[in-house]
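Below you will find one chain, with nothing else, as C-alpha cells; this is the form predicted on its own, and questions on how it binds or moves follow later.
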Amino acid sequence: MQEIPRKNKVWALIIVGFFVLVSLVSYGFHEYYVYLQAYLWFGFIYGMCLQYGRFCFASAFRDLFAVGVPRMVVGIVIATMLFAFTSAFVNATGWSTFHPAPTSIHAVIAGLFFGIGMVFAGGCASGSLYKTGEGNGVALMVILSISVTQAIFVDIGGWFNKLVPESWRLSAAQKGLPPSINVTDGWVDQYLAGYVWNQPTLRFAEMLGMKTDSIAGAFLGNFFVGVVLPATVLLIWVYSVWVRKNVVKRAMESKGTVTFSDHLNGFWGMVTSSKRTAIAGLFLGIACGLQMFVIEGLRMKFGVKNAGTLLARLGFDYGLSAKGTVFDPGYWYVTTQEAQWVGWTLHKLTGINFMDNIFFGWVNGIPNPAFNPADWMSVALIGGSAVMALLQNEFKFKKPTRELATWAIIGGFFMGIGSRLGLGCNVGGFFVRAANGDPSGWLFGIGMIGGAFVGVKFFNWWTERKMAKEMAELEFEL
C-alpha cells in the first residue's frame, strides 16, 4: 500500500477542519444553519464517493464507444440499481423529497445535447466537480462554462422568441404567473410554461396503478419495473455488443465450444469488474436516501417546506423567488446551484434583472451564495473530493492547455443547454430520477448515450483529421 505523504494528511485535516469550523460558527449564530450544514456534509460525502469511484459519465461512455471498455458504464448502472433500492425504502415511508419531472421527448433531446457536451469537455457535471477537487483546471473551466451558459440561456429572448411555436406562447400566457415574471419575453420561459409543464409527471408506480408511498409501489413499481428491468436490459446490451465476443473467443480457444454457462460467467465477470464504482454507488445511494430523510425531518422540525422561509426568518430575503423560495431539492443535485452563482453575480455586477424569468424569478431564486443550501453542497463536494484525492495521493494541480480549455468551454456550453432543456444534468436529470422510478430519467439517459456516441465519433474524426494534417506538414518539411 502506497504511503500517504504527511503534507497530504495535513491538507486533508485542514479542509475537514474548515468545514467543521463553518458548521460550529454558523450554528452559533442560529440553529437554522443546521439545515445548510446538512447539505454541506452530504455534499462532502458525495465528493468522497465520486472521487473514490472515479464516478464520471463522460469517462464511462467515452471508454465504451472509443475503446470498447464497459467497466465504468457497468459500474454506473449497478450504482443506479443500488441507489434505487435505497430510494425505494425512503419512498415507502412517505418521507421522500424527490419530485418527478415532466416526461416527454424533450428529455431525450436535452440528454443528446448534454451527452455531446460531456464528451467534448472530458467530464460530466458531477465528474467535473470532483475533478476540480483533484486540482484539475480543465474541470473547473467546464463548471464555469456550464454555469455561465445556463444563467444566460434561461434569460434569453429577442430574436429567439421567433422560434417559439404559437401554441407554447398561448399556453404560457395562461399559466397565471405574476407580473414580475415576463413569460412572453423569454424563449426558455415559453418552452417551460408552454410545453414542459403540460407534460405528465408520473412515476412507474403510478403508471401501474400503485401509490409511490406504498411498499408495492416503491419496490415493485418504481424499483423493479422502473429500474431493475431497464437496467438489466442495458447491461445485456453492453454485454452483447462489447463483452460477448471476448467470452466466445476465450471459450472457443480453451474448449472449442461455447455454452450458456460461459455467457453467464462472462456476464457476471463484467458486472463484478466494476467493484470500485459499484461500492461508490452503494454509498452514494445510502447517502442520497439519508439526505432525503434528514432534510424532510428538518423541514418538519422548523415548520417549513422550503429553505427560502428559513432565509427570510434570518433576514436574508434578497434573491428569493416570487414564491419566497430558493432551490432546495432535498437530495443530490448539481447544475442548478452553479447557475445561481452566475445569476447572482451578474445581477449584482451589471444591474440586469435576472429575476424576471421562470428559472430564477419563479422557481429557484438567486440568493447570496453564502446562504444558499445547495451552494454549500457543491462547495463541500469539491472539498470531499480533495480530501479523498489527498488521502489516495491522487491530488495534483493540472493547468489546462489552450486546446483543452477550448473543448472545456464548448463542452460546458452544450451541457449547460442540455441541463436547462432537461431540468437537470447527469445527476438530477438521469441518476436521481431513474433511481426514483421516474421515466423521464431514462429518456434523458437514452439521449445522453446517443449524444456521447455522436461526441466520440466526432472526436475520432477530428483526431484523424488533425493527425493527417500534422503528418502532411511533417512530410512537407522533410
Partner chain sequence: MAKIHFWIVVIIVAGFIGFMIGYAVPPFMEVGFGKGQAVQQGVSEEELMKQYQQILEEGGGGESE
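Since the structure is predicted, the reported quantities are computational estimates derived from the model, not experimental observations. Residue numbers count along the first chain shown, from 1.
Below: the form predicted together with the partner chain, not depicted.
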query	finding
Check all three, 28, 153 and 368, heavy atom within 4.5 Å of the partner chain in the predicted complex	no
Option touching the partner chain, based on a heavy atom within 4.5 Å in the predicted complex, out of 169, 313, 263, 348	313
Proximity to the partner chain in the predicted complex, single hit among 144, 391, 208, 279 (heavy atom within 4.5 Å)	391
Residue 108: touches the partner chain in the predicted complex, heavy atom cutoff 4.5 angstroms	no
The partner chain contact in the predicted complex: residue 430, any heavy atom under 4.5 Å	no
The partner chain contact at residue 231 in the predicted complex, heavy atom, 4.5 Å	no
Residue 102, heavy atom within 4.5 angstroms of the partner chain in the predicted complex	no
Per-stretch contact check against the partner chain in the predicted complex, the hit in 319 to 327, 75 to 83, 370 to 378, 184 to 192 (non-hydrogen atom, 4.5 angstroms)	319 to 327
In the predicted complex: members of 281 to 300 within 4.5 Å of the partner chain, any heavy atom	290, 293, 294, 296, 297, 298, 300
